[in-house]
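Take a look at this one chain, the form predicted alone, written out in structure tokens.
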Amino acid sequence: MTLTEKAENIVAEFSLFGDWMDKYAYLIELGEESDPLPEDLKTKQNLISGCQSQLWLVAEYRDGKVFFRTDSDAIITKGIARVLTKVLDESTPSEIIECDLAFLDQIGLREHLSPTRANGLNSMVKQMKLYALVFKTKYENAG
């Protein structure tokens, strides 16, 4: 499945809910379904700065794709991270770098987050794209 198709699936999932409170409940559900990170990965190095709560992001490069794992001490933050990873996970570095993430606006996520949560979302996106850039530089341009 392409990154665009994954983003369209997220938009379709969120369109099933009539109001933002239902969408918020769905984010909580996504957070509850997320697998926790092992404690040894919850390090300062993996912590995303700028978040209201603690949010850890781990990225791994395998078979030409980037795999993300996240965890947070706040369930809503875990849900937001899950939305991003559902779209960006298992994509190539180039796809991640080039993705404009318009689906976040289409589902209304950015407009309904508090300023501190929106800042955390932006920090997470920036870090995911940075990982993709590093992997692209290290592995794809290493020829």
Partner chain sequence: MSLSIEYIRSLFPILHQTVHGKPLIYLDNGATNQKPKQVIDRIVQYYSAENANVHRGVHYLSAISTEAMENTRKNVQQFLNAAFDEEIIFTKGTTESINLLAHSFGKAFIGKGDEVIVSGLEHHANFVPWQQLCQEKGAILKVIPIQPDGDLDLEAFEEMISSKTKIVNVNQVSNAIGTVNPIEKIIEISHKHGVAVHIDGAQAVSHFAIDVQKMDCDFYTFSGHKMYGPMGIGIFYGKKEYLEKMPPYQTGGEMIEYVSVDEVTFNQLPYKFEAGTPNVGGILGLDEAIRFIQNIGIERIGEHENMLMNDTLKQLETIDLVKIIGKPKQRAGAISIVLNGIHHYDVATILDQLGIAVRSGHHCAQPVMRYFGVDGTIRVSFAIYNTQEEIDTFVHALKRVIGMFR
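Quick caveat: nothing in here was measured; it's all calculated off a predicted structure. Numbering follows the first chain given and starts at 1.
FYI, the form predicted together with its partner chain isn't displayed, but the following is about it.
In the predicted complex, none of the heavy atoms of R69 sits within 4.5 Å of a heavy atom of its partner chain. For K42, no non-hydrogen atom is located within 4.5 Å of its partner chain in the predicted complex, even though that partner is not displayed. Using a 4.5 angstroms threshold between heavy atoms, T77 counts as touching its partner chain in the predicted complex. Interface residue remark: K65 is not counted as part of the site for its partner chain in the predicted complex, having no heavy atom within 4.5 Å.
The stretch in contact with its partner chain in the predicted complex, judged by heavy atoms within 4.5 Å, is 26-34, chosen from 26-34, 94-102, 57-65, 81-89.
Taking its partner chain as it sits in the predicted complex, the stretch 103-117 comes within 4.5 angstroms of it through a non-hydrogen atom at E111, H112, R117.
Between this form and the other one, the CA-CA gap for S114 and K126 narrows by 3 Å or more, being smaller in the predicted complex. Inter-residue distance, F67 to L113 (Cα): reduced by at least 3 Å in the predicted complex versus the depicted form.
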